[in-house]
Each structure stands twice: as structure tokens, then as C-alpha cells.
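The chain below stands alone and is given as C-alpha cells, in the form predicted alone.
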Amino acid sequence: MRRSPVHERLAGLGASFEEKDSTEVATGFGSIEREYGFVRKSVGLADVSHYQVFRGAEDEAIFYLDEVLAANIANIRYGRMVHTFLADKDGMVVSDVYVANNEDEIIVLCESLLPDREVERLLLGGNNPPLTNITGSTALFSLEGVSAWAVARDLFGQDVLGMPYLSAEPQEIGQIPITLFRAGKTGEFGYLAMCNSDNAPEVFDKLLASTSRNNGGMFGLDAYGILKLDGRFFNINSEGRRVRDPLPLGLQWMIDFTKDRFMGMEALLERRSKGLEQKVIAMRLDAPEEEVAPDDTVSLDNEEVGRIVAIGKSYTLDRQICLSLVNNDVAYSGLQFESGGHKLTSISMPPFVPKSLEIKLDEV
């Protein structure tokens, strides 16, 4: 089982750990509501070193990946990123993927449903691909929250505030090389900081110190899942794991259907040509004290129309929200459904305005 390079630091901070697909992850630090609050009110720091990381020379890797991943990879400009996915031969999602074009190199970040070896097999293919798996020598940390920009400015300088969403650039903490990505998944400001695993403890300490100075703290993957849910960002370990098919998941925006090929393309095109019968929509429980569970059936007017595929309590709304895979003819907001005797209302997402949208970085 692969462990984070900062496992001991996390354990010392009271982290709870679980194994996910042969990799250990920090799921929480004692209070999921408190961890959620760091991100929605100030800033949270998470260890996301469970990602698989690959690197290759830009002039070769970019065209190789264009024939493997679903998005248009060949046209990624220097300093920019694209958010897409890796599919298997059946066109089912395997990894939630960022691809960055960073100063003559391509960096691939994968959050996956499969162990490292299986992801490597699918992504690299075994035909002398122009990519190297650097997962074991890499650490990755996520800064998310209303004040995440303040931590980034503290450690990397004022110019970092000019980074656009989905961009990457080389930075340093002290004299330690860092690759910094602006790429959040909560609706608030977000950054990923990648470093060599040997330097990970020192980098982590500096990130945590600045996070604490900005009234923030650690958060685990359980809180991160809820933040993704009520921010309406795709979570491969929740609805992704239960549905797998990118079409009803609403991931068409990650796909370039005009390309000649990518892994799983034929299967996806075949399903697309037949038309979708169901898709994923968001719902809110009407009563704050009530709860539903994944795979519970969803009914409308006493007729079963789907099932729940993701749940979490939104502490902003003070009630449980969920994603449900339902029939197309009822897949829109404003309807009242039922699940296990509980009433749910379908809603547009996100169900609130993230506080980060009120902040103008060119004025701070």
C-alpha cells in the first residue's frame, strides 16, 4: 500500500486513514463540519498525494496523450491545463485527470478508481510511451478556500495572484522547486502544489504554517467530497465510482468528439448515438434532520425513476444534498421527489454563491 510522504505529519495532526485502491488517504481530522468550514470561510490544506503523477517531454507526450485522453490535449498552450478523464476500452471513467503544459514538459495528475499499476497500464500502454510515472517520488498538496489566494501570495509572492484558472507555473518555497497549479474543485479559490517527496515534509510545514496564519487548517477527503458535491464538481470516488459512464454523469464538456481517437471513444460514440435514458441531477432534502443513502431508489408520483449516487450534508445549506441518476423526462430542477419516505426537491447547482466570487484578486 502506498503512503503519503507526509504520513507521519498527518498522523501527528490526528488524521484518520483509509485504504482506497491500494493507496492510503487521510479522510479526516476529527470534525468534518470544522474542516468544511475552513474551506468555505477561510482556507483548508489537504494532502492529495494519492494522485498518480506522470511526466514527459512536451514535444512528444502532448501528441501521445491526445490519442489516449478524451479532451483536446494537442492544443494545450504553455502554462495552461485541461481537465478531462481517462477511460477504459468500454468508455467508462477510470481517472479524473488534469494535464498541464509546463515549460517544455507535460504533467499528468490522475485521481483514479484503480491501483497505481492498473492506471499506469492504461495510460502508458506498454509501447515505449513518452511518459514517466513519477508517482512514488512526488507529493501533492491542495489549498482550497476563500483565502487560499492569501496562502499562495504569502509563499510565492504577489505575482501569483495573476494566475488564471487552469494554469501551471514553476515556483519555489525557499529553494525547493514547486510546480504550482491553479485548479480548485470546491467553488472557492484552489491551488495544487507539487514537489519532490524528499522535500515534502518541509513544504508541508510551510504550507500548514501559512494556512494557520490565515485562520485555516487541515481537511480530509471526506470533507473534500462534500465540498465537491455542493460546489457541483465531479467526484470520481462518489458518483464517478457508482455511475462510471461519463455521458449520464454530464462530463461531455471534458470530451472532444471531433478527434480521430481516444481510449474508449468507439464505445462512447455508440452509446451517444443511441441517446441517453438517464442523467445525474442534484437534489436537496426538504427536512434538515432527514437522511438518504447511496443506491436508495428515487420516486416521482409513486413511480420509481432512478437512484441516489452521491450524498453529503452541506453545512452551508444545513441539510443533506445528493446526486441522483434519474430518467431523462424528469431530469430538471423544481420537482419534488421521494426516497424512503423522505421528500427531496431537485435543484440547480451550486445551490449558493461561493464567497470567492465576491473577491477581486486584482484589488487585494
Partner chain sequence: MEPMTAKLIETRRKILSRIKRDLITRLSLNYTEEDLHEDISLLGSGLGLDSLDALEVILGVEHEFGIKVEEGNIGFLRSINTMADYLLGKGVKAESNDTSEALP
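Fair warning: this is a prediction, and the values are worked out from it, not measured in the lab. Positions refer to the first chain, counted from 1.
One more form of this protein should be noted, the form predicted in complex with the partner chain, which is absent from this view; the next part is about it.
Considering the partner chain in the predicted bound form, the lone stretch of 110-118, 225-233, 140-148, 200-208 in range is 225-233 [heavy atom distance within 4.5 Å]. Annotated contacts: L285, K313 and T316 are all free of the partner chain in the predicted bound form [non-hydrogen atom within 4.5 angstroms]. I255 belongs to the set of residues with a heavy atom inside 4.5 Å of the partner chain in the predicted bound form. Taking the partner from elsewhere, L335 is found to have a heavy atom lying within 4.5 Å of the partner chain in the predicted bound form.
In the predicted bound form, at least one heavy atom of L357 sits within 4.5 Å of a heavy atom of the partner chain. Under a 4.5 angstroms non-hydrogen atom cutoff, the partner chain in the predicted bound form lacks D295 among its neighbouring residues. In terms of contact with the partner chain in the predicted bound form, the residue from G79, G125, G250, P177 that brings a heavy atom within 4.5 Å is G250.
With the partner omitted from this view, the residue of N328, S31, S299, T27 that lies near the partner chain in the predicted bound form is N328 [heavy atom within 4.5 Å].
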